[in-house]
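Encoded as structure tokens, the following chain is the form predicted on its own, with no partner shown.
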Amino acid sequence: MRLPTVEDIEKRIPRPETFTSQSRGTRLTTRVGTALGIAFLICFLTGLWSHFQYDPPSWLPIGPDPTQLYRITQGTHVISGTAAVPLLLVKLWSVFPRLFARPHDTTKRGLLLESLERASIGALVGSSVFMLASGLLNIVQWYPWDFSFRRTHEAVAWIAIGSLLVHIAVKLPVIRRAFAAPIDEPGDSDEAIARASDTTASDTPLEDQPDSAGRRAVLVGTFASAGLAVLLTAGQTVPFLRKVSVFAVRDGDGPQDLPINRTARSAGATASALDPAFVLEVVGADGTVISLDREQLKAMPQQTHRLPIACVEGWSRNATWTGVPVRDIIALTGADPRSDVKVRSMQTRGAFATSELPAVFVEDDRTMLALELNGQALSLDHGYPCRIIAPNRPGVLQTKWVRRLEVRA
């Protein structure tokens, strides 16, 4: 038995013309790819905004208005990412035969250029798959990795958008030609190239062969799949879709009519939160410390506002909150109401045990140390004995089980 030669292996490797479906080709790829590029751009920009809301840069003041801004941007982020999943799958399917294309220019320079182009496409595909897969896992809060999701997701997003822009620049002439021809016109540039190099094909001209699967049907099916994916999941952000969004991770229900991401038990806050001796410590800018128990907080002038909880996973819901404005609490120490405040939680496990309240939020009377939710005392899992609620803030920064407020000097 002889070992296979290079020629034997070469014969077993498919060629682009091996894939006979006329549904594939430049026209389909370009149209699906354009929709995918738009979804990626929306997802990138809204994701970038989400990072700005977590860590506002000094040159971009982000305040409490519009109240629903983070809810809208993060919901759009998750919706566009969900729509991108079927678009990416069809895009990869449509270009799969090109994976087996042999280099046209076999000179050293030609091979180098083609290798660089394929490497950039590999970076685009790899980063795209990572972004969508990790994003979906984040939505269901399953993290089978040790790295920081938020920082890694952001870093790979830059790789994805950068490689996408390079890919568009390289393929722009092809894109223009593809859009110039109707989607269902017989023949396609990719198939014509394959046809010209295929010596085993039939004598029937490519443009006379039937388009059996129908590019238009594939295109319509692709967009319908993306729309269906959105419809079945967007209810966690869009209230009137909740009854039809059967695959939404959060349906809007939960204790006190509000979902819960992290329970007191999982945060390691149960014992401290239920301690009858609980007091809130408030530290002024000059070091003054005052202590307030929950009854003293309830005795202070209360305010009630309807504000959203909006989480990075894409779910959001409005609720009615009652509590004491943070500016009134820090004023007891003589602090300026326009001060930054550091919030410390009683949680002992997990991220975001502390958060920063910029002065622009503190001076707004809707930024409260909430004591009640929807007309009832906070449940333990919603942050009892007290929690932060502020307009236009990511959910993880609406710190629960608050034990200390520190005015920044």
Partner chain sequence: MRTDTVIRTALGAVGVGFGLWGVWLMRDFSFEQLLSTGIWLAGGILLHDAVLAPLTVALGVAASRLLPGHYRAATGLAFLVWATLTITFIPVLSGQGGKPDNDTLLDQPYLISWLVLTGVLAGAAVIAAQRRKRRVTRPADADAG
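Positions refer to the first chain, counted from 1. Fair warning: this is a prediction, and the values are worked out from it, not measured in the lab.
Heads up, the form predicted together with its partner chain isn't pictured, but that's what we're talking about next.
J.: Is there a heavy atom of V324 no more than 4.5 Å from a heavy atom of its partner chain in the predicted bound form?
T.: Outside the cut-off, so no.
J.: Please determine whether P259 contacts its partner chain in the predicted bound form, using a 4.5 Å cut-off between heavy atoms.
T.: Within the cut-off, so yes.
J.: Looking at the partner-bound form in the predicted bound form, is Y384 within 4.5 Å of its partner chain by any heavy atom?
T.: The answer is no: Y384 has no heavy atom within 4.5 Å of its partner chain.
J.: Taking the shortest heavy atom distance, is R338 within 4.5 Å of its partner chain in the predicted bound form?
T.: No - in the predicted bound form, heavy atoms of R338 and its partner chain never come within 4.5 Å of each other.
J.: Let me know the one among I183, A285, V279, L137 whose heavy atoms come within 4.5 Å of its partner chain in the predicted bound form, would you?
T.: By the 4.5 Å heavy-atom cutoff, the listed residue in contact is L137.
J.: Can you work out which of V249, A331, I72, M300 has a heavy atom no more than 4.5 Å from its partner chain in the predicted bound form?
T.: Only one listed residue qualifies here, and that residue is V249.
J.: Candidate spot A35, P57 and E114, all three in 4.5 Å heavy atom range of its partner chain in the predicted bound form?
T.: No: no residue has a heavy atom within 4.5 Å of the partner.
J.: Name the stretch, out of 303-311, 104-112, 259-267, 289-297, where some heavy atom lies within 4.5 Å of its partner chain in the predicted bound form.
T.: Contact criterion met by 259-267 only.
J.: Within 4.5 Å of its partner chain in the predicted bound form, counting any non-hydrogen atom, which residues from 227-249 show up?
T.: L228, A229, L232, T233, S245, V246, F247, A248, V249 sit within 4.5 Å of the partner.
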